[in-house]
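Have a look below at one chain only, the form predicted on its own, in C-alpha cells format.
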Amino acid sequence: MDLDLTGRVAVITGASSGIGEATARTLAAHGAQVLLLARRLDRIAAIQQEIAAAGGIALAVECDVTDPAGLNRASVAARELGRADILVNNAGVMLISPFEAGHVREWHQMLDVNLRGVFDTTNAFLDALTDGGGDIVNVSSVAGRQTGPGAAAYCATKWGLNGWSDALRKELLHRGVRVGLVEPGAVATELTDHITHDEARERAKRELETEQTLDPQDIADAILFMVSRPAHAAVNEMLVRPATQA
C-alpha cells in the first residue's frame, strides 16, 4: 500500500499534543512537509526540531484558530513550504458539564473552537487547497453520532461539524478537494484535563482509566490512510473506537 506523501504540504491545527502531534509526526515520517499550528509555541517548536532531527521538514507557527488574523498569517507562512494541499482540522475542546450547570462561557468557547475555528481555518487555506486539489480532514468525535447526558453542548458542536463536513464535501467535489471526517472514540489525550465541572471531569477521567482507550497514533494512522489514497478514491468518513467501546 502506497502511503508516500512526498511533495505534499500538510497543515495541522492543535499540533502541540495528542492527535495533532501524532498526526504531524506521522505525516512528516511519510514525506509530507508539515505546518504545525497551536497556541503553545514552545511545544510545537520542540516538535519541529524533533521532526527535523529525524530528517523531516516542519514549520511551527503560533496560532489560535479563533483568531482570523492569526490564521491569515499562518496561511502566508505556509507558503515557505509550498502549496498547502492537506489540512487537518484537529484543534478542539471538550468542556463537558450538565446543561443546567449553566457554563455559558464554555458553551461559547466550544462553539468558537470546534465550529467557528474550523470554518475560519478552512477559509484561510481554501484558495491553496482548490488551486490544484488536496484533502481536508476534520477531526470530530463519536459524540457527533451519539449523545449522552452532561455533554449536550459538546455533542452539538460535533454533530454540527459532521453536517458541515458532508455539505462541504459536496461543494468541493469538482474542485479536486476531498473532505474527510474522522470520528474518534475514547482516546488518551489532554481533553479531559480542561473540564472545569468537578463531577464531569472525574467521571471522564475514571472512564479513561477503567476502559480501553485508543492511542493518538491510532487516529494519526487513520488520517494518513485517508489522505494517501489515490486521486480517484475518497474515504469520506472513518469511525475509530476502542474494540471494547459500546
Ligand code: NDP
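Residue numbers run from 1 along the displayed sequence. Keep in mind it's a predicted model, so treat the numbers as computed, not measured.
Below, we refer to the form predicted together with the named molecule, which is not included among the displayed structures.
- Residues of just one listed stretch (85-93, 171-179, 98-106, 126-134) have heavy atoms within 4.5 Å of the named molecule in the predicted complex: 85-93.
- Of the heavy atoms in residue 15, some are within 4.5 Å of the named molecule in the predicted complex.
- A residue is said to contact a partner when one of its heavy atoms sits within 4.5 Å of a partner heavy atom; residue 200 fails this definition for the named molecule in the predicted complex, lying far away.
- Under a 4.5 angstroms non-hydrogen atom cutoff, the named molecule in the predicted complex has residue 187 among its neighbouring residues.
- Looking at residue 65, you'd find a heavy atom of it within 4.5 angstroms of the named molecule in the predicted complex.
- Contact check at 4.5 Å (heavy atoms) against the named molecule in the predicted complex: none of 8, 27 and 81 pass.
- Only one of 57, 191, 45, 204 lies close to the named molecule in the predicted complex, with a heavy atom inside 4.5 Å, and it is 191.
- If you take 37-54 and check each residue for a heavy atom within 4.5 Å of the named molecule in the predicted complex, you get 38, 39, 40, in sequence order.
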